[in-house]
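Form predicted alone, single chain, as structure tokens, below.
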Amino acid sequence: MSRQSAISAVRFGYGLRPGEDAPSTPEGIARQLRSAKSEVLLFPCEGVEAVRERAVRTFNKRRDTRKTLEGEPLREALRTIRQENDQRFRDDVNARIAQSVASPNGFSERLASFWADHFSVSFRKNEDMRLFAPLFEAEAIRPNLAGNFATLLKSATLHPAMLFYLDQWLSVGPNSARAGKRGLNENHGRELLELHTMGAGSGYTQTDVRQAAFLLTGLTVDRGAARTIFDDKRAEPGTFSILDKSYGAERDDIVEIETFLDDLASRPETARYISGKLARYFLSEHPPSDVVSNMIAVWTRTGGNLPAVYEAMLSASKALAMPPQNIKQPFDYVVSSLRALGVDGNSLVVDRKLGNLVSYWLQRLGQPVWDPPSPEGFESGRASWVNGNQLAGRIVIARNIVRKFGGAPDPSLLAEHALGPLLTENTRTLVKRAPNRMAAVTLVLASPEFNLR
């Protein structure tokens, strides 16, 4: 295995499986993005359309139940609906983990995690999010990994999951036909500017946030169809000035909002913010400034063509030369550990208890699936994941992983397969001197080089 292949596997993927090789060139890494298009997605377990149909059935059943029952029978019936959705959601969580463990297209998987975190939603927001969080990643994020940023932005912003999570579905124009008990909600407008496009401190004002919130009124969710709709009776009438441009002349459909999103996607602040975030995620907390500058230039020249921006990052001479330096986040760590041990990803779907156990480990380490702490997503810096509690917890989980999945790998071979040229002499010596096989395999997974990407 070449050093470039080893770096490629951990920096742009979820690490190596036994007997697997990783691309050693930017072209090879980028090819994984195209290969992923033919992969069968393991989640949602029922399939996208089936989940939408179940969402409609759930809404109708809950509505009818509330009309026909009361007291304890009502509470019991609602509890049954909630428990069924919760179990299906747990299965989807396990399948989401299995997807990254099983996939041979690590770069696509890492990009899916990056964008799902960038456009964070959480299943905890309300009961319906157990249906919509898996759907959000499956139909709003993954199909748009290799397209234009504007398309990805619109797909994520207008998805029911985002409308639920940021309370947009409750936002009503104060001068609209439905003005009354509910008023304007600024969450969506603020996060759109601060987190999803331009970035904090990039020059927009509170007035821009409020004007954006007015423009977004009308966006809501039709529960009868489980889809986003534009309800002009909720929409604030008039025109709105955002970042020195006027929107809202036509307020009877979603077109003005899409125009606004297209404009946000093409702004130079968006190119800077997201190029820098991509480089920090994949390369280093302090990425080379010339690499980021090139990514911004490519973004500007191509109008936010994401594959071109990825290529600008991958083709930088430092991308496959710099030693790994970012700390693996818990999801990366657990998935790469399972891959190193040759675990069959499908086993986490077939064996529910096994999948639930891996999901529990991610909770213990602070990064449960589809459950970020805020719209900002999970913390990304080393300081958040390298402290006494984190390191102690990671060693405990490493032992549990080895105990459950360790099988019978030769520890020295495991270290060579998982790390290749990145394996240090210190770890090689410690593994050889370990008192038993379990201790030796745990040492591999707990080693400093295995925890970096």
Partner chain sequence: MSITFNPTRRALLGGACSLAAMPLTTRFALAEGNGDNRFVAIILRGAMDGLDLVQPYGDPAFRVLRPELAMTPDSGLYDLDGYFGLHPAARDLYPLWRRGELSFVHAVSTPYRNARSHFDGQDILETGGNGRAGQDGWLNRAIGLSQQGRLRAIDVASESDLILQGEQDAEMWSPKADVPIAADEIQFFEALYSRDKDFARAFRQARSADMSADEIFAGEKIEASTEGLARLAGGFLRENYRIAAFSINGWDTHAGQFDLFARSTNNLSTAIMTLRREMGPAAWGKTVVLAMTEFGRTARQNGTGGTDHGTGGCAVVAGGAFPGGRVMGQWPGVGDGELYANRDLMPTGDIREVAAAMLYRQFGLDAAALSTNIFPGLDFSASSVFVRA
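Source: prediction; values computed, not measured. Positions refer to the first chain, counted from 1.
The same protein also has a form predicted together with its partner chain, omitted here; what follows describes it.
The candidate spot formed by 225, 229 and 332 is out of contact with its partner chain in the predicted bound form: none of the three has a heavy atom within 4.5 Å. 391 is the sole member of 413, 391, 69, 50 with a non-hydrogen atom within 4.5 Å of its partner chain in the predicted bound form. Proximity to its partner chain in the predicted bound form, defined as a heavy atom within 4.5 Å, singles out one entry of 175, 317, 289, 363, which is 363. Interface membership of residue 43, defined by any non-hydrogen atom within 4.5 Å of its partner chain in the predicted bound form, is ruled out. Though the partner is left out of this view, residue 446 does reach within 4.5 Å of its partner chain in the predicted bound form, counting heavy atoms only.
The closest heavy atom approach of residue 19 to its partner chain in the predicted bound form falls outside 4.5 Å. Its partner chain is not drawn, but in the predicted bound form it has a heavy atom within 4.5 Å of residue 375. Residue heavy atoms within 4.5 Å of its partner chain in the predicted bound form occur in exactly one stretch of 136-144, 364-372, 77-85, 254-262, and that stretch is 364-372. Although its partner chain is not shown here, in the predicted bound form the stretch 167-197 places heavy atoms of 167, 170, 171, 181, 182, 183, 184, 185, 186, 187, 190, 191, 194, 195 within 4.5 Å of it, in sequence order.
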